[in-house]
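Let's start with one chain on its own, the form predicted alone, as structure tokens.
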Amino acid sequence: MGDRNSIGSLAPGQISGDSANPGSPAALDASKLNITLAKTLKPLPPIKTLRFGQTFSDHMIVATYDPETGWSAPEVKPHGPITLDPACSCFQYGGNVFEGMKAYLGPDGKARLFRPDMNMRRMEKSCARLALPPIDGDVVLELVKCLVNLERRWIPQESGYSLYLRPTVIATRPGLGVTASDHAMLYILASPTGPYFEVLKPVSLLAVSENVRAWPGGTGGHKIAGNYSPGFLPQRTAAERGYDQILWLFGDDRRITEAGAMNFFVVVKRDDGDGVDLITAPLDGTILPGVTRASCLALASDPELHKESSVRLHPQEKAYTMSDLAQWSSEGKLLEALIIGTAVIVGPCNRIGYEGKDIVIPGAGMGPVGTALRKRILDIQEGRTEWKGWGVVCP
């Protein structure tokens, strides 16, 4: 991690900018950022002790929305508890949206975010889906960059480690009426983190259809809190049966959707002998449009990645079922199964439990396709490789 005193050039109490339309609710404005620094900075924990979401940096950013005045001036303040009315909509009706992003230190010493514009567009859509007050993702991104620069010393330098960022919007209307919240709070947290799972250790999945993660017309394609807690009980059941995560199925034909809170890919040998298909479920409204998911699909079309994986890849977004998976396995065509997401990046799956039996994926760990995808994404994230502007430097 960085130097204890490298908290950037921001000054406490900094305020600038003005309202464009004095008579209308104020838009979120990063130029009005107020800064109150912590009087005492926390000691940096040993790198090997970091666990996902367990350690937090010195500061956070907070802004609030009032229907009459609009967004308040955002504020950097010491990380700590927030005070809310117990009747707030976020507690009663689950009006909560969040994003997951990471900042990495490159070999040039610069902090980079990975395709943050995609996170911001998704956040805007998620807020709109829950009828939360409007928010400008570009302004949120400017605030994220400010927090990254302020907390630069918290960014681990080791490969595979990063500063995880959690921009969150919660509904704060103080009342029990069943209606959209016209009050909101934005806060941004920063948490240094290591690998989500033990690096390259294969994950086992239990395929379930009696519970579903999402359904047509629902909110599965948005990153909202309500998509996560209903999965905790099935996850506990899977753990009791000796599996690490859930493979979510949907419909009478047992279509494969996601793995836990991650996207899911399979690598299947083609019948025509022209390499392999990299298959994942299509964005039909039940699948989260993951940033890493989109990146894997794009990279899979790159001839350079074909060289690195020693195989020609054909990325495909299509519906496929447990019957398809079982058939590919029995025919020796199922070569890899991958879990994909911001936290895990790319990880291997070694077995899938279904109807009392295990579908076993060959190999002792990550296969050549998963290895090549993970390496390329990490190289871009950590600033070793430039590709299509995906690595965005925090100025």
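The first residue of the shown sequence is 1; numbering continues from there. What you see is a predicted model; the values in this text were computed from it and never measured.
The following text describes the form predicted in complex with another copy of the chain, which does not appear among the structures shown.
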query	finding
Contact flag, Asn263 vs another copy of the chain in the predicted complex, heavy atom cut 4.5 Å	no
Heavy atom of His306 within 4.5 Å of another copy of the chain in the predicted complex	no
Exercise: Pro74 in contact with another copy of the chain in the predicted complex, heavy atom 4.5 Å	no
Touches another copy of the chain in the predicted complex: Gly70 (any heavy atom, 4.5 Å)	no
Candidate stretches 345-353, 51-59, 361-369, 31-39, one within 4.5 Å of another copy of the chain in the predicted complex by heavy atom	51-59
Candidate spot Pro156, Pro289 and Ser295, all three touching another copy of the chain in the predicted complex (heavy atom, 4.5 Å)	no
Answer option from Gly242, Gly109, Gly177, Gly273, heavy atom within 4.5 Å of another copy of the chain in the predicted complex	Gly177
Heavy atom within 4.5 Å of another copy of the chain in the predicted complex - residue from Pro202, Gly137, Gly221, Pro234	Pro234
Neighbours of another copy of the chain in the predicted complex among 136-173 [non-hydrogen atom within 4.5 angstroms]	Tyr164, Arg166, Thr168, Ile170, Arg173
